[in-house]
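First, one chain by itself in structure tokens, the form predicted alone.
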């Protein structure tokens, strides 16, 4: 028996709410420097990928981002590499994160693109503010495409594609998590 249109809409709203709460919790963990707890939100087989953004002429947008497996990328990591980055930061002697950055992660325009029994494909826009030392201030703006896997009543991030809108990064390093 098909569900009523109202029931289907309420189910969509509930899924969106749960994803929104998951992303809010993730931002709180990152901004609170609880990096080990953040790692627990990531699937063991995660692919964390951020291509380099390139300037293109009008109409040539297909090549705006570097290609997977062919070109250089800002990040192309799995869980092991992310764990190693967290371990390095948590030593307290990681030169690029000493003193450790203060961040604020904001997201908007959440879309649940596709939903199956065990996964969701989502899109969000993000703005990340970072401040280090007295005068280092960076803004990272872009879009994120995530594959979330259902785990009980919650989710884990199974894949994350990060598309920065900046083609030239003004930041001195790229040690934060998106």
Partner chain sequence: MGGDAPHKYTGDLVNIERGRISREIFSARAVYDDELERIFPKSWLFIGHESQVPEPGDYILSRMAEESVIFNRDRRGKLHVMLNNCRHRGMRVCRADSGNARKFMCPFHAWTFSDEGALIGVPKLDTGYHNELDKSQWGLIEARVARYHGFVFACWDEETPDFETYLGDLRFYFDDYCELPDGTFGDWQAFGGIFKWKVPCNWKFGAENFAGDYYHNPSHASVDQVVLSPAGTKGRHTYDEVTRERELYKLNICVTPEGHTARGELFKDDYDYIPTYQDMAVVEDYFRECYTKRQERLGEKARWFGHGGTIFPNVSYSNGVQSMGTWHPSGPNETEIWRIFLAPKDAPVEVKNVLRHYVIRYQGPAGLTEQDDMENWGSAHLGAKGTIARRHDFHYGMGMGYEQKGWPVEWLGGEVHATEDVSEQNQRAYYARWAEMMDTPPDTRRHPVSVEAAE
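A quick note: this is a predicted structure, and the numbers were derived from the prediction, not measured. Residue numbers count along the first chain shown, from 1.
Unshown form predicted together with its partner chain; subsequent notes refer to it.
Original post:
Looking in the predicted bound form, any heavy atom of residue 69 within 4.5 Å of its partner chain?
Top reply: Flag for residue 69 set to yes.
Answer for residue 73 alone: is it within 4.5 Å of its partner chain in the predicted bound form, judged on heavy atom distances?
Yes, residue 73 sits close enough to its partner chain in the predicted bound form that at least one of its heavy atoms falls within 4.5 Å.
* Any of the heavy atoms of residue 172 lying within 4.5 Å of its partner chain in the predicted bound form? -> It does: once its partner chain is placed as it appears in the predicted bound form, residue 172 has a heavy atom within 4.5 Å of it.
4.5 Å heavy atom contact, residue 88 and its partner chain in the predicted bound form: Close contact exists here: in the predicted bound form, residue 88 approaches its partner chain to within 4.5 Å, heavy atoms only.
Heavy atom of each of 77, 95 and 133 within 4.5 Å of its partner chain in the predicted bound form = Yes, each of 77, 95 and 133 comes within 4.5 Å of its partner chain in the predicted bound form.
Can you say which of 50-58, 141-149, 105-113, 27-35 gets within 4.5 Å of its partner chain in the predicted bound form, counting heavy atoms only? Looking at the partner contacts, the answer comes out as 50-58.
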